[in-house]
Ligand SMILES: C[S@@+](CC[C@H](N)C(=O)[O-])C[C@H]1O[C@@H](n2cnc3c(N)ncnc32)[C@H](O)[C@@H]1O
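In structure tokens, the next block holds one chain alone, the form predicted alone.
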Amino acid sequence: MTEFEKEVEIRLAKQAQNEPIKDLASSFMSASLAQKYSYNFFWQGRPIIQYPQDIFAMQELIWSVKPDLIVETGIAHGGSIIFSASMLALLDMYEAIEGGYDLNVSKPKRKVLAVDIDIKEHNRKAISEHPLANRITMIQGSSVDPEVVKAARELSQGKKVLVVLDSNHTFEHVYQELQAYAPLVSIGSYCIVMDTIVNDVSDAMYLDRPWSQNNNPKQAAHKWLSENSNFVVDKDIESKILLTVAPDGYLKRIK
């Protein structure tokens, strides 16, 4: 560790015990969710619909893990998968610089597999026209459809994989996604379950959705973790960023 990194570690250890700042973060999350705060951000021109803190946490994880493949369920406007593609492009670029070879941008090494049950045509068009489109493979279909899972499994063979689950946020769907996609995650990498915060906020936030405080991703993650010892919740991430839609959702594969 550098001296700076040691200082960061000390600060974060103190922050993890700082109840006043955690209470302030919780209050901000409740107020900002009601205002659809996360809908105000774009990544390279596409709506990303994420909190900046979660985006930054993802950046750090991708840089640390250096995955060959990121599997994401849920596409929406495409900002999140373009973010992932851009991070993978940076990894390829730095690898080429360190290795002293020319980067072949037409045949990228690292890629994103994105799955959504309903890819809107205008979103598909915008993603397909993005400069990083050749890093992205999109599949339209349910993320828990056996054929879709089979395709993901085949693309994952021999690769270092990171998974992001961000589609249907009901308990049963997320539980099935965890059963299908968590086994693809490489040791030391992550399966990130988004929107576990549904468990912690008023149902009034999601009156037009099938998920609720009694039917949500956090419950699915907890049940799945109770049955699987290969993953643990990385609470350090949550303690670090303070603001997240994925409390108890950053799952690290340890074996």
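Sequential numbering from 1, following the sequence displayed. If you're wondering where the values come from, they're calculated on a predicted model, not measured in any experiment.
What follows is about the form predicted together with the ligand, which we do not show.
The contact with the ligand in the predicted complex, taken as any heavy atom within 4.5 Å, belongs to A76 out of A89, A76, A126, A152. With the partner omitted from this view, the residue of V161, V115, L178, I136 that lies near the ligand in the predicted complex is V115 [heavy atom within 4.5 Å]. Picking from 128 to 136, 169 to 177, 152 to 160, 95 to 103 the stretch near the ligand in the predicted complex, with a 4.5 Å limit on heavy atoms, gives 169 to 177. The shortest heavy atom separation between G141 and the ligand in the predicted complex is within 4.5 Å. Heavy atoms of L225 never reach within 4.5 Å of the ligand in the predicted complex, leaving it off the interface. Shown alone here, A221 lies farther than 4.5 Å from the ligand in the predicted complex, counting heavy atoms only. Contact between I62 and the ligand in the predicted complex is not found at the 4.5 Å heavy atom cutoff. Counting a residue when any of its non-hydrogen atoms is within 4.5 Å of the ligand in the predicted complex, the hits in 36 to 51 run P47, I48, I49, Q50.
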